[in-house]
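Take a look at this single chain, the form predicted on its own, given in structure tokens.
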């Protein structure tokens, strides 16, 4: 499923002019036969494949009596998972736990497996988007959908949304937010670099505005899929 590139450019009262354009999106669900749900998500040249298993039987030592046990496994494009992957796994798990209605499936396991296909920037955001679409494909009950938006701040304070790998490396700070689809509520955030409190608020506001484009793309993708006879 594909959507056109979205742009939403605006100006602020200060000297900073955010570059609020998102790269091209593409998504395809139900790609894999073994998982209960799967999705591939593409943002520009960044691509992630996600599979969801469950709700299924859980090991006794991982069982939680009043909700589902949610696990996230992130596999890099090459090699074994390292510290960066483990950190991203934790952030994706925290986001999924905030959105999934785990209390409806106590003493079960829900596992999200993410395979990085290509990393050309904004990888964590792409992982979050792939995970959300795979959870939807698996029919896992959720309070709301969620999406990931990455912002890059350059040396003069200009905000770039959905930055490429090159833009991330040149940025003074990189911030990633996970937002819900109902109120654009912040579910998770992670930051790297130097920024002021006002810049943080500007990045969050830009991410909340950009999330509307992502959620619209979700809806259009799902409508196209389920409207097929």
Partner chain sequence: MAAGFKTVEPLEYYRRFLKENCRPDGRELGEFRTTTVNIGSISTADGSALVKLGNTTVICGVKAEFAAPPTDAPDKGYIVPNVDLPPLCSSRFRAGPPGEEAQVASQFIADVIENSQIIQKEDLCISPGKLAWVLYCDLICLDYDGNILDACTFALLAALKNVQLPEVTINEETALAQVNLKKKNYLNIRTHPVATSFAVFDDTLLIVDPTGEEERLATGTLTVVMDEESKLCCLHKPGGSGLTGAKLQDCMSRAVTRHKEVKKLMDEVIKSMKPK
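Fair warning: this is a prediction, and the values are worked out from it, not measured in the lab. Numbering follows the first chain given and starts at 1.
One more form of this protein, predicted in complex with the partner chain, exists but is not displayed; see below.
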Considering non-hydrogen atoms and a 4.5 Å limit, which listed residue (117, 144, 84, 101) is close to the partner chain in the predicted bound form? 84
Just to confirm, with a 4.5 Å cut-off on non-hydrogen atoms, which of 58, 188, 49, 32 contacts the partner chain in the predicted bound form? 188
For the chain shown here without its partner, which stretch in 41 to 49, 24 to 32, 161 to 169, 200 to 208 has non-hydrogen atoms within 4.5 angstroms of the partner chain in the predicted bound form? 200 to 208
Residue-level question: is residue 105 within 4.5 Å of the partner chain in the predicted bound form, judged on heavy atoms? no
I'd like to know if residue 113 sits close to the partner chain in the predicted bound form, meaning any non-hydrogen atom pair within 4.5 angstroms. no
Does any part of residue 138 reach within 4.5 Å of the partner chain in the predicted bound form? Heavy atoms only, please. no
At the 4.5 Å heavy atom threshold, is residue 95 in contact with the partner chain in the predicted bound form? yes
Residues within 4.5 Å of the partner chain in the predicted bound form, restricted to 35 to 61 and counted by heavy atom: none
